[in-house]
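Shown next as structure tokens: one chain only, the form predicted on its own.
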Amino acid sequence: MATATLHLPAGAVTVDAAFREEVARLSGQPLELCFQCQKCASGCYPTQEGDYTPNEIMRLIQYGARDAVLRSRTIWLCTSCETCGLRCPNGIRIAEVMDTLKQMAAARGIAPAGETGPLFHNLFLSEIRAAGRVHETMLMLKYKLKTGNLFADMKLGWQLFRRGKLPLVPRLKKDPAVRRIFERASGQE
């Protein structure tokens, strides 16, 4: 595996030539088609809080900056709204790329310091894996207990509960198709 050093404003990063091919293969997206038009960044609300814009993430992937990308806050702030993909003139579904990067980072245990996005991501997937759907109340309870931030959103939580958006009893029905999806994704088929 060929490596080199890339100097970015944030500092020098190690370049991994195989990273772009790995992300392209796992996401199924033609990363080489990104020519930095920045249309993806113009509609990305989470960019205001992230460390990179979507087009900068794409460029870092093209450069092979594995560590910089997988340690980025931006990948965890992406809500997969697909605005970036709709605006891309080359049809690159950047949300697919961001989801792939989240999975790669989670598999390696990489998370930006102080970020709770990876925790929420893992709790969300474990809820789906266990029940086939998400029971929002249980998800939020687990998240609040794990972060220790129990009362920060209490007023909002009460409003959601009163409107029936956080039911105490889950409306879940186990679906074997969901189990098969997780088995396929992990290669256990």
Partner chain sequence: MQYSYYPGCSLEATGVEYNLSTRAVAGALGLELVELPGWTCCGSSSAHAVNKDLALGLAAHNIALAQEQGRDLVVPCSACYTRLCKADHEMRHDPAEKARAERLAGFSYTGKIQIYSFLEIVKDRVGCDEVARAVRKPLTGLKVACYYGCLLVRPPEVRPFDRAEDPTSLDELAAALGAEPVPWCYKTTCCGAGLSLTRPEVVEQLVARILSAAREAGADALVTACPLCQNNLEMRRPAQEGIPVFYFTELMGLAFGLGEAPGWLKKHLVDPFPLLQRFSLVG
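Please read all numbers here as calculations on a predicted model, not as lab measurements. Numbering follows the first chain given and starts at 1. Under this definition, the rigid core comprises the largest set of C-alpha atoms superposing within 1.5 Å between the forms.
What comes next is about the form predicted in complex with its partner chain, which does not appear here.
Taking the partner from elsewhere, no residue among F19, E56 and Q62 has a non-hydrogen atom within 4.5 angstroms of its partner chain in the predicted complex. For the chain shown alone, F35 is not a contact residue for its partner chain in the predicted complex, no non-hydrogen atom being within 4.5 angstroms. Put simply, I110 is far from its partner chain in the predicted complex: not one heavy atom of it is within 4.5 Å. In the predicted complex, none of the heavy atoms of R71 sits within 4.5 Å of a heavy atom of its partner chain. Taking the partner from the other structure, its partner chain in the predicted complex has a heavy atom within 4.5 Å of a heavy atom of Y45. Residues are counted as partner-facing when one of their heavy atoms sits within 4.5 Å of its partner chain in the predicted complex; in 74 to 107 these are W76, L77, T79, S80, C81, E82, T83, L86, R87, R93, E96, D99, K102, Q103, A106, in sequence order.
Core-superposed comparison between this form and the one not shown: the Cα of S126 travels 2 Å or more. With a cut-off of 2 Å and the rigid core superposed, Q159 has a Cα displacement that reaches or exceeds the cut-off between this form and the one not shown.
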